[in-house]
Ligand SMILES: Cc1ncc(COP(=O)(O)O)c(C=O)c1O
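As a starting point, one isolated chain is supplied in structure tokens, in the form predicted on its own.
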């Protein structure tokens, strides 16, 4: 998801604005800024791009999830349903608030299985977090219906799918709150950064205050501001926001290049009968940051993955034994290996992970290979890559 591949004069100009005025903090120092407010400008750009009323920049995608949940009142003892295939940040952000992550199976979208979500709901359930992994989405209509029926929050973790849409609505704008990451290897990057977006004014105000020690941001004297409730420091710097401001202006350019390269690869692999592709719900359009495909079984998928590496086809991931993105290797979570004592509510709430199996998730992740789409490839390089991938897959079947 390499926005950094397109760094250029626009990013340099925005960063130099900040360096020239010397104000690296997003709040205060009004007289020194020469009119430059990069974080505010990026928030406005996010609101326009994703067709929402409010955007709040924070320090990371992980912070965005914690801030979004806290802003909506999720906390100690509450259960948050999320998928077995995600990044560890998803459950970390839940646990940071004293809430309990309830992991459930994925389906062929590589995101939450609606039936598994329904089966996991208890009186303690407060939210459902759909994680739009590898550039695409889950069955959002079904998930919205479930959340509406059970009076649950729908949180979108769109950190890996910025720019994708569902029924012409940007991912992140569909649930009660949406979360983005702008770390170094996301579709657009700040180096480090994240954002919460929402149409709910109360959630926005809570996010704004909570991410800055509870500051209410009323008036022009930061030292005289009130703190209506407890908060923490999840602020983004002006330097990071400056890079992101330039990058979001380039999002259409990035998506177009990704779609072109994705299409060449997919068209080539489509000629192999044994290759099938992840399901994208009707009305959905990926952001084309990854090409995800399934092979007949785990053994073939592992064989192809190893052959890709041997023959120089880089950035293709087989997640079945991955330490960071799939539940099988999350022993630090299952065994609660923490530097500090874990609350009894969380300990009790996570007992299920000691014995719980996820055969449906294994079925999809075991057969999946997820290939990153780079921006720097020439057309000839993409076609050569496609031919090599086809050759390797056919030889492995």
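Since we're looking at a predicted model, the values are computed, not measured. Positions refer to the first chain, counted from 1.
There is another form of the same protein, the form predicted in complex with the ligand; it is not shown, and what comes next is about it.
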item	value
Listed range touching the ligand, judged in the predicted complex by heavy atoms within 4.5 Å, from 87 to 95, 216 to 224, 295 to 303, 135 to 143	87 to 95
Any non-hydrogen atom of residue 183 within 4.5 angstroms of the ligand in the predicted complex	yes
Residue 131 within 4.5 Å of the ligand in the predicted complex, heavy atoms	yes
Contact flag, residue 238 vs the ligand in the predicted complex, heavy atom cut 4.5 Å	no
Contact of residue 361 with the ligand in the predicted complex (heavy atom, 4.5 Å)	no
4.5 Å heavy atom contact with the ligand in the predicted complex for all of 43, 49 and 247	no
Residue (of 189, 261, 173, 160) lying close to the ligand in the predicted complex, criterion heavy atoms within 4.5 Å	160
Contact set, 38 to 62 vs the ligand in the predicted complex - heavy atom within 4.5 angstroms	60, 61, 62
